[in-house]
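Encoded as structure tokens, the following chain is the form predicted on its own, with no partner shown.
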């Protein structure tokens, strides 16, 4: 009886939270008038913001995966000096607000010798579109690297040892054995990287600025229009963020489903 009561209690809590979260998300679609949403979607500002968000998030996701895969693999497979420090530093951005990360990046690229060297080469990060990508990259990478690390960690090293005993080199083993076995984790980390990049706000606002029709991605559009009192445009920005994130998750589920079917077949 006690076990049944505890089971029902945990299920109730899960359903209650899901209900409140669903109600909050649904409110975004119910409160504004349909004509307000349509006009906002057709606006030049929304088109610019959506396009910039998708382009920058796609570039950031590619960069995050290019860096996240070797980072996750190194942390899961090798012991090296400073490994604990690397793991702790990677976890730091997940522990403090994005605004702090944005401020740190602003100082790095704007007030240091490194930032000055980049500027002398014509690479301007602060208050530019490049700054959006940099902010998204540093925001999404820690989350993605953690997922990739977990994916590699779940794969037994015996498979790699067998491949090495058959004559495969280290990189060949990684490419032909480990990567295919970590496929699901890599797909999941890609979706997480894209979703985090699209939704990045605080660090983008500080590093790239929230300038109208320049560095204006969807979260910045929401922020600017809330500040102006244009609630319809702000709500539409929120809806577009939800649609983009949901579409990314749906694509992931479809790809994973088709791969699982092909494996069973």
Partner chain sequence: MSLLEVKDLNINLGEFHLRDVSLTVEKNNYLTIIGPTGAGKSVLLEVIAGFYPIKSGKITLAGRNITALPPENRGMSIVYQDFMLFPHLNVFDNIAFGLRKKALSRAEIEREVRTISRELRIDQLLHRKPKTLSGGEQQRVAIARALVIRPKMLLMDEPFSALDEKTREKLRSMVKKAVKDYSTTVIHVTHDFEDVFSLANRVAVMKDGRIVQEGTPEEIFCKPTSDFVADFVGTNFFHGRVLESSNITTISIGNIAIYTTEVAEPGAEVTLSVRPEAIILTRELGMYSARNVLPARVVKVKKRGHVLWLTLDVEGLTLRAVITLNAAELLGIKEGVKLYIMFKASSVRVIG
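Positions refer to the first chain, counted from 1. A quick note: this is a predicted structure, and the numbers were derived from the prediction, not measured.
Form predicted together with the partner chain: not shown, discussed below.
Three-residue candidate spot 163, 166 and 176; every residue lies within 4.5 angstroms of the partner chain in the model of the complex by at least one non-hydrogen atom. Only one of 167-175, 191-199, 146-154, 105-113 places residue heavy atoms within 4.5 angstroms of the partner chain in the model of the complex, namely 167-175. The contact residue chosen from 86, 181, 92, 100 relative to the partner chain in the model of the complex is 181, the criterion being a non-hydrogen atom within 4.5 angstroms. In the model of the complex, the partner chain lies within 4.5 Å of some heavy atom of residue 159.
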